[in-house]
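First, one chain by itself in structure tokens, the form predicted alone.
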């Protein structure tokens, strides 16, 4: 009997953010990278050759829309190791400068038998959008493979392959133990996408303590702090290295990032000397470090103002050079996995925690509720528009409860536009019966037949917390309470507020906005990850 074929689950996969690889998948990658590094150190050519794709039919395209040396050359050398076809797009004379969209450009390149795309961009979420777009293109044109898109850094968002090589190096220095890690993140945490990837990447370890060391102007954005805390990390904040070393609980792993002056405004640049001093290690700090402490840096270091001074290069603190060298090894494994050459022996337990888009966020409210053993029928409740009772129709109640009158009116305009509720009736702002100081919006539509399930889903997206009352013969016959959906998409008027996001209308990429509910009840953009309240994802008037 023949061996049962097991499909390689990594072939055609994309890495747009670090969470695209589960903890188990990352650990598998690290195990393979460890095997390859050991074989290289021992000169074991047989084992080394077993890792090579060695197939010129596999095509890799490097597209760097933002300058890079280390990441680009690391991937190029990883591809040469594999003996695959390597191409680079000349972005100075490319179709991007002729007004072509990202999806058209990359779909064309995918049609030329290119399997793997390495992309660095200033726009955030490019690889996530191309992953969606290319899947549709592949189906339409019956391509024999689905291309993989690997994010080599997108704006201030993430740098997932850097996170992989960072984690691999941390594990090396942790004796390959994943039980715990205590790490200090030092430097420009606001712009540092390598740090942003750690909000999810450090879940490789079971117990995580993170010390954030940066002045206020360079502090880690709240989105990423919230994500760290949501992942169970113990997070502390300090404004400078000097302040950090005045307390006793000091990390044995320090991860530095450079001051990204090219991304800063004039107001911040005026304080660059003060900011630089707060995040630069100096000789006077050495006595405060724990034995076995190691420093890391994604590089490059600024040659004039390095946050890790050159006098530390020859000390045992130097982990950044080995970290950089690990980059090619980790990327060799990643390319091997996404080409389908590596990964046939991977197995993963199903967690059973996958959230479904079909989660019930439209709650039917029984018309009779019991309190203390006494029943009360909701049929007794009547709605009036002014002095005239509503005999038949719908009433949408509790809209933006607790907000200001102006915000409520603006949101009711949005609801009317989205659900096409133009016609007779009215919109009121009234006080809540529970609290006279609290306002709420009410939309009356006499004679309306009622909302479809599709309309109620859209209303849940634009006005979670509101209720829908179906009025027949002067009384409430049906009542629904709406909750925030797990995913909001395919609705007119949606827009991410991040101007650097690929989905932002200013870029004219025609990327449909899409948002996923977070554990804290916010809505994260599918592409750039920026968190919004449910009111912030809508453009005025739903246009």
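Numbering follows the first chain given and starts at 1. Quick caveat: nothing in here was measured; it's all calculated off a predicted structure.
What comes next is about the form predicted in complex with a small molecule, which is not displayed.
Out of the listed residues 300, 366, 99, 232, 300 is the one that sits within 4.5 Å of the small molecule in the predicted complex by at least one heavy atom. Checked against the small molecule in the predicted complex, the residues 499, 42, 490, 69 give one hit for a heavy atom within 4.5 Å, which is 69. Partner proximity in the predicted complex, defined as non-hydrogen atoms within 4.5 angstroms of the small molecule, places exactly one of 33-41, 505-513, 472-480, 60-68 at the interface: 60-68. Looking at the small molecule in the predicted complex, residues 120, 159 and 162 each place a heavy atom within 4.5 Å of it.
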